[in-house]
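Let's start with one chain on its own, the form predicted alone, as structure tokens.
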Amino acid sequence: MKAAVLPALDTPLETQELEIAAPGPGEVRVKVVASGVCHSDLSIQNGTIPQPTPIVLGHEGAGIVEEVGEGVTKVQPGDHVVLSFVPACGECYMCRHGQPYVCEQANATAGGGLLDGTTRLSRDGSPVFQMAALGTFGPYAIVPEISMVKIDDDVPLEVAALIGCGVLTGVGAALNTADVQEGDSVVVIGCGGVGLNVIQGAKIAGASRIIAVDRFDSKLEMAKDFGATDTINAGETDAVMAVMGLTEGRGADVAFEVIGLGPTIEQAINATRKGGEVVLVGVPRMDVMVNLPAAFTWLYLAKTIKGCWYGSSNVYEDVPKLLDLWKKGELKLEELISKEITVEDINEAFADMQAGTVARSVIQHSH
């Protein structure tokens, strides 16, 4: 099969011919129909998220089950599935304590392989790794059974693909991680694909004022379409002061940081009211530090700061819930798709993402 491979750190992706092995025990061969291009893919290319190379990127996808390995019981050939970049075993300590988004099985995938640490992809006899035990930038993938959720056949797979990362992460940040109350004021710093979904989630949760902050006017215009009531161009004005001006000088009830930079994390904290909540959604580089006074950030001002991984989601419950919201017209999914591309267009899609001109580019795999 031909897949988009990152051959080395800080290099363009290459379309390469790869060999793919059969699924092992507990594994499934999936025909990947569609894959979103997410900022986390870019974060592996630039080293923000350390992964071995060569590696097939892509972790936001949907497809059709083709073959199942020994012991697989959750799905069967012909099933339509949303792929999950965090395996959820349902049995480990974290899963049993209501936190499947930090399932202990996911630790095994940090090295670029499947749950046994090896990969099913190779080129000329040498292993090729796969992002998040998926690798959706190829038309086929061998993935763990616990990394997918069966969905109804009538859901378009290019729409379903987006749920696998950006929608679950963003909407989940607002509905699961944060405690957004009816009538709250919310600020979202960073309005890329995930940020737009935080905005959608805040709207669904009942926030009355949703303030979008970004440096790109193109992203701020998209933010309005997804529910933002106010926009702030952080390149033109002091974002914290602007938020204060929109919230009677108090600051927002809940702030979401969806970039992963030290200065914007501090902005989010400073833009939150006393007793408010800050949710960190963006993926920072390993060397990003936050240096704020403990007394007047946490103690005296009683602010809560939460990390948000994968929208604090239980994929088996939240994927059906989000699809139900979409079917009711309360969640925008098709509108997130700015471009439909082929795998050969992947480097252009990365450039579009960095330029802030797209919500999501979606790869349509030909078979």
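Counting begins at 1, following the sequence as shown. Only a predicted model underlies this, so the values are computations on that prediction, with no experimental measurement involved.
The same protein also exists as the form predicted in complex with ligand APR; that form is not shown, yet it is the one meant from here on.
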Open item on the list: Quick check on I20: any heavy atom within 4.5 Å of ligand APR in the predicted complex?
Closed with: no
Open item on the list: Residue-level question: is H39 within 4.5 Å of ligand APR in the predicted complex, judged on heavy atoms?
Closed with: yes
- [ ] Find out whether any non-hydrogen atom of S43 is located within 4.5 angstroms of ligand APR in the predicted complex, and reply yes or no.
- [x] yes
Task: 4.5 Å heavy atom contact, A173 to ligand APR in the predicted complex - done: no
Open item on the list: Can you work out which of A133, V186, A161, V194 has a heavy atom no more than 4.5 Å from ligand APR in the predicted complex?
Closed with: V194
Task: Contact residue in the predicted complex, from T247, T264, T119, T231 (heavy atom within 4.5 Å of ligand APR) - done: T264
TODO: Select, from the options 90-98, 274-282, 148-156, 292-300, the stretch whose residues sit within 4.5 angstroms of ligand APR in the predicted complex by heavy atom distance.
DONE: 274-282
